[in-house]
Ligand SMILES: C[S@@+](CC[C@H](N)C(=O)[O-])C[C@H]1O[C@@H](n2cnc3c(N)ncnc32)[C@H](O)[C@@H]1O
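Presented as structure tokens, the chain that follows is alone, the form predicted alone.
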């Protein structure tokens, strides 16, 4: 079948659900991943004919897209902060808003007086996207990353290897501080993008998120939505250096509540920042 005819089928099957522009993006990603073809191929070789073997993964991907499976899970990878990351159903898909969190940290590093190296802790690392991006951009940093999921840590370790950075990975539950042995180490920076979506907000979410991404990394109860934030803040009491920095990605509806929690524990210079979509998305503060 002609490549352009397969593209037409993608639009016919998917445009109503995703829109023409996004379907074009899906198709370009898939032909690049499976066939090493660039989007310009459709213009330069309008009569390019694919074999049955070449067609098969495209039509398999089409069926999965019709079921709302994220394109990142279909190809098993995504890009974050200019780096390639493996992803699967055990890890959240890294998002552009989290790239902004990483950039915020990098921009604030100059404000910390570091004698030898910078000690950073990433709580709930998932794919490792925050920890690995920071290690890549801050060569003097010693980065530790924790997660409760064995499967997520396995992916994160592979991502660290693929991106040629050294990360200390620990299986730990931040809700159980005894899990984390850091008696001899204090951190200059602690960062987290913990679960923060309340169950009442599920109605706002798309099927590709609800049906495929790990719910334990997304959702918290309606009556205790700051559960993980409070646990992390309590952890900082003994484990974040004086004048150290704390960075959170947050629920856009709970910005003031998150600021209030930090103020309650004596944090200074508490700043609430918006993401590229104009939503309250990040909080940073100084111990």
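Note that the coordinates shown come from a computational prediction; the quantities given were computed from them, not determined experimentally. Positions refer to the first chain, counted from 1.
The same protein has a further form, the form predicted together with the named molecule, not shown here; the description that follows concerns it.
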Going by heavy atom distances of 4.5 angstroms or less, which of 172, 155, 105, 141 would be at the interface with the named molecule in the predicted complex? 172
Since exactly one of 27, 235, 247, 228 fits, which has a heavy atom within 4.5 Å of the named molecule in the predicted complex? 228
Picking from 155-163, 67-75, 129-137, 203-211, which part of the chain touches the named molecule in the predicted complex when contact means heavy atoms within 4.5 Å? 129-137
May I ask you to state whether residue 88 is within 4.5 Å of the named molecule in the predicted complex, using heavy atom distances? no
Can any non-hydrogen atom of residue 199 be found within 4.5 angstroms of the named molecule in the predicted complex? no
Heavy atom to heavy atom, is residue 119 within 4.5 Å of the named molecule in the predicted complex? no
Is the gap between residue 216 and the named molecule in the predicted complex 4.5 Å or less for some heavy atom pair? yes
Determine the residues of 190-207 with a heavy atom within 4.5 Å of the named molecule in the predicted complex and present them in sequence order; the list may be empty. 193, 194, 195
